[in-house]
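Here you get one chain, nothing else, as structure tokens; it is the form predicted on its own.
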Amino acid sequence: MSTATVEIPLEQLINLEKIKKKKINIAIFGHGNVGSHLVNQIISSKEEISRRRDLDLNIFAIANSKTVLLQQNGLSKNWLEEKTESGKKYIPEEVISFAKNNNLQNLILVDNTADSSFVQNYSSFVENGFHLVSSNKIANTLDLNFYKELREKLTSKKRQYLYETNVGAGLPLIDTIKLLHLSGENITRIRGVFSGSLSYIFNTFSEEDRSFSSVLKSAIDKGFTEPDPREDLCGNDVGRKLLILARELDLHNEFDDISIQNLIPKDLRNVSKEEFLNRLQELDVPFQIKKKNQPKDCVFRYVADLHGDLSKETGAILTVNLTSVPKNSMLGALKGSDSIFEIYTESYGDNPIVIQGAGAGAAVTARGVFGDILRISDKEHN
């Protein structure tokens, strides 16, 4: 008895393979440093992720504040040139409409902007089926009403919001704190150097015989600071990170509750960026005096500290200060542009859980955002 062999055309096999894979449709807002790294990381890893995880990552929208490029079947390696040629002015609702009109499922909105107005769109995206991933800290540091309403919306729509890169770039910090808190562990204090740029500046200034302005200039040249370094030196960014961690512990704090030491002299706070950069030498004498007067065998660190009675919703004390710490302490031994976080808990006593590593950099932050996308994608897949 003979048996017949049925040959399935290659094209049909490819289509069957595509059907098996779960397509994750991603809209990315912001393609500056972090955003462009992220797009390129996703595109270059797409085939490997498809093979190993049965996921088809499809970036169907890429936008900045001016234009959007919408492509149902995803971006190519030449996405930036294509967007420059074919990008159109838009409002965020058009991205939602595009997803609906093309019946796109498993939707993720990625916010890599630093835009305070864009976060007001989060609720609308969640309402229309999008999960949220964000390197933008602003949504988590607005008033508590906004913070709570967004989470209520996420719960009612069964959507996720991941933002591991809000504090510590690619370090597994927020997830660790969430797990400790949810498991009932009593966290008693969180302290550390939260800014990679200020870490580099004060590590270098403490160890080398250089003026503060020359160290600051080298940090600017290496791309460690914001384009206007006053955004780092004023301490607000570190304050926002501290507030995010406080709220992870269900503490009812607002940004105004934080005591922040602004490192910019008062007469340089409101001048133009260009004038500030031309007058950097005015920082040298005050910082040299601080250095001369600090205790022996100590170094400067710009330290964020969350302490007090953390068992009460309003019992926390939040401070951000330039502090002298012993060279042989964990904070004092910090090198380069690393960040460090000490998490003190009831169970661990005087020995904190320490998380340390690269706390700055576009590629590191983009990799952390990518990780959040994959975590949501895996849950969608299951």
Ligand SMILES: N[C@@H](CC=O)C(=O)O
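By rigid core we mean the largest C-alpha set that fits within 1.5 Å across both forms. Quantities reported herein were computed from a predicted structural model and do not represent experimental measurements. Numbers follow the displayed sequence, beginning with 1.
What comes next is about the form predicted together with the named molecule, which does not appear here.
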**Report entry** Contact of Asp237 with the named molecule in the predicted complex (heavy atom, 4.5 Å)
**Finding:** yes
Query raised in the report: Thr225 near the named molecule in the predicted complex, any heavy atom under 4.5 Å?
Result: yes
Requested in this report: State yes or no: in the predicted complex, is some non-hydrogen atom of Ile373 no more than 4.5 angstroms from a non-hydrogen atom of the named molecule?
Outcome: no
Query raised in the report: Contact between Lys241 and the named molecule in the predicted complex at 4.5 Å, heavy atoms?
Result: yes
Query raised in the report: So which of 191-199, 124-132, 173-181, 262-270 is the stretch with heavy atoms within 4.5 Å of the named molecule in the predicted complex?
Result: 191-199
Report summary line: Answer key: of Arg159, Arg230, Lys137, Arg301, within 4.5 Å of the named molecule in the predicted complex (heavy atoms) is Lys137
Query raised in the report: What residues in 347-369 sit within 4.5 Å of the named molecule in the predicted complex, counting heavy atoms only?
Result: Gly359, Ala360
Query raised in the report: After a core superposition, would you say Asp228 shifts its C-alpha by at least 2 Å between this form and the one not shown?
Result: yes
